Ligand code: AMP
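Okay, so here's just one chain, in structure tokens, the form predicted alone.
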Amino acid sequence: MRIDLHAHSDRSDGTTAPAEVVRAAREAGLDVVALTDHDTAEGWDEAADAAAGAGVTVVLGMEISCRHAGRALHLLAYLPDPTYEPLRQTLRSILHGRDQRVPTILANLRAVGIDLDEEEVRRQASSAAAVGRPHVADALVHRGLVGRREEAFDRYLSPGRPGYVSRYAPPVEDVLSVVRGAGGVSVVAHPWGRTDPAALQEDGLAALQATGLAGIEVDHQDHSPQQRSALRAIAADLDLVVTGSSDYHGAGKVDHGLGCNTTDPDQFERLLQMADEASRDAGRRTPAVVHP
């Protein structure tokens, strides 16, 4: 069984519709795919409806933007109840923060001679729940000012670059509590891939586990073989679930094709068991895994 637990659609910063993500998962030889758009459940119904026709099991989730030790951290939340009001409020605040920083990003870019119109950026966002840096990057690509999203981030949109603007993200401990209250389970996404991993060594991860963390995304394109080995050892020491995934974004991210990394079936079953326990503890009617 081939399982990919991290994929994005055009409801956030991917480039394909939720149903297309599910069909592409089947073409990639996957048996299970999780839809985990940034800070939204908007693509869940479409992905679930596509499961039967594609012959793929769909896990409903989201990737929630957080802060930890002064840095960004992304938390993969699987099977939370999206109607749980504290979760709804948390997501609304995060999405509002994404939208609100776009005018400032564009003003910063104008200061270095790049005059993008906000409507250009919103056209790139298409069906997304909020407009963000990836859509500014896509507008830069569309204008021919850069060749790819990655170049836009490297030159203009990453921290320390002229267009970068910080935004609101809640403390990860608060989000772990909210996800647990919604009957879901949480996994840290690419913990050593994009920021200084100092705060996410074994002691830091143990502290997050004490507030509700269920697992670590170990097998990810942003992790070297040595990092994967070290993270797997930490997960074993702490008895955390180990996941692997593509972090698929369609054409929005190269070298992240569906199924390039996968989750062991035993680890997947353990994650589902933990989700069942969280649902019972919370007394929430949480989403079911959608089987074909």
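Computed from a prediction, not measured in an experiment: that's the story for all the values here. From 1 onward, residues are counted along the sequence shown.
Absent from the display: the form predicted in complex with the named molecule. The rest refers to it.
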Report the stretch among 179-187, 108-116, 148-156, 121-129 that approaches the named molecule in the predicted complex to within 4.5 Å, counting heavy atoms only. 148-156
Is residue 163 part of the interface with the named molecule in the predicted complex - any heavy atom within 4.5 Å? no
Taking heavy atoms and a 4.5 Å cut-off, does residue 26 contact the named molecule in the predicted complex? no
Although the partner isn't part of this model, could you tell me whether residue 96 comes within 4.5 Å of the named molecule in the predicted complex, counting any heavy atom of the residue? no
Contact between residue 191 and the named molecule in the predicted complex at 4.5 Å, heavy atoms? no
Considering only 29-50, what residues come within 4.5 Å of the named molecule in the predicted complex, judged by heavy atoms? 38
